[in-house]
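Okay, here we've got a single chain as structure tokens, the form predicted on its own, with questions on binding and movement later.
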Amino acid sequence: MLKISIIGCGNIGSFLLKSVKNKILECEVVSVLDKDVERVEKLRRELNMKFNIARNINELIKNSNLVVEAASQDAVREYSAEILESGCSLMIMSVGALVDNEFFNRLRDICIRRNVKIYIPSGAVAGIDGLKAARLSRINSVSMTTRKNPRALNLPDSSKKIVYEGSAGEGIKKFPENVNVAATVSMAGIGIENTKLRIISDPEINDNVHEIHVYWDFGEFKIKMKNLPSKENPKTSFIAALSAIAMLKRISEPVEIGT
């Protein structure tokens, strides 16, 4: 059975725990690390689970096969190298941290040397499988438009407007908590500097909307995702948490479907 530990006990981390408790996900939770220890203790009592509450990264990785990061880009930068060096694989939800090429290449080198893996779920979009396949030919352009309510972007309520337009790389820096999905699309396709990103603040919508348009040598495809935000965190779409569950099931189950 897959033995996992979790960094972050917010929206995605708590959903993972509940999924294990309800047998949606067949794995063992070994440890959970969160700055808010009381929140973890409360959740452990409510779910009647027996995982360890880790006080540091060494306690977190002990007896684990895989660590799931569900906290922040800062957590990715702080803990990833040590986790991978320990021989644990790592699932990263805050994928925006990997747009730093030097940091990403450092982690990749550790993976090769230690024979471990980094897993990146699709998050709040569909079509990552198509991007990965098209990249084996030639992709001519990838553009992405994200529409969110101003509250989700930490902006004051106002009229509908474009708040960013340019490369995905710069957009991720300006809105690091909102466009992890742009990082995933960029990494699956033609890179952060070549992927075009537009972010629209729209007070008239409550959904998180992502549109991806890809032109490649053998055609084009368009994808539109209209996601309800998580009740606990409007910056995150509920499907992002589900994508983490889907990837864990893919890792642990004997049959894989899809690219």
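Please read these numbers as outputs of a predicted model, since none were measured by experiment. Numbering starts at 1 and follows the sequence shown.
Beyond what is shown, the protein has a form predicted in complex with a small molecule; the following relates to that form.
Exactly one of 153, 71, 142, 134 has a non-hydrogen atom within 4.5 Å of the small molecule in the model of the complex; which residue is it? After the contact test, the surviving option is 71.
Heavy atom to heavy atom, is residue 172 within 4.5 Å of the small molecule in the model of the complex? Because no heavy atom of residue 172 falls inside 4.5 Å of the small molecule in the model of the complex, the answer is no.
Heavy atom to heavy atom, is residue 19 within 4.5 Å of the small molecule in the model of the complex? Residue 19: no contact with the small molecule in the model of the complex.
Does residue 79 reach the small molecule in the model of the complex, with heavy atoms at most 4.5 Å apart? Close contact exists here: in the model of the complex, residue 79 approaches the small molecule to within 4.5 Å, heavy atoms only.
Check whether residue 186 has any heavy atom within 4.5 Å of a heavy atom of the small molecule in the model of the complex, and answer yes or no. No, residue 186 stays farther than 4.5 Å from the small molecule in the model of the complex.
Within 4.5 Å of the small molecule in the model of the complex, do 128, 163 and 224 each have at least one heavy atom? So, no: the whole triplet misses the small molecule.
If we take heavy atoms and a 4.5 Å cut-off, which stretch out of 196-204, 31-39, 213-221, 45-53 is in contact with the small molecule in the model of the complex? Going by heavy atoms within 4.5 Å, the stretch is 31-39.
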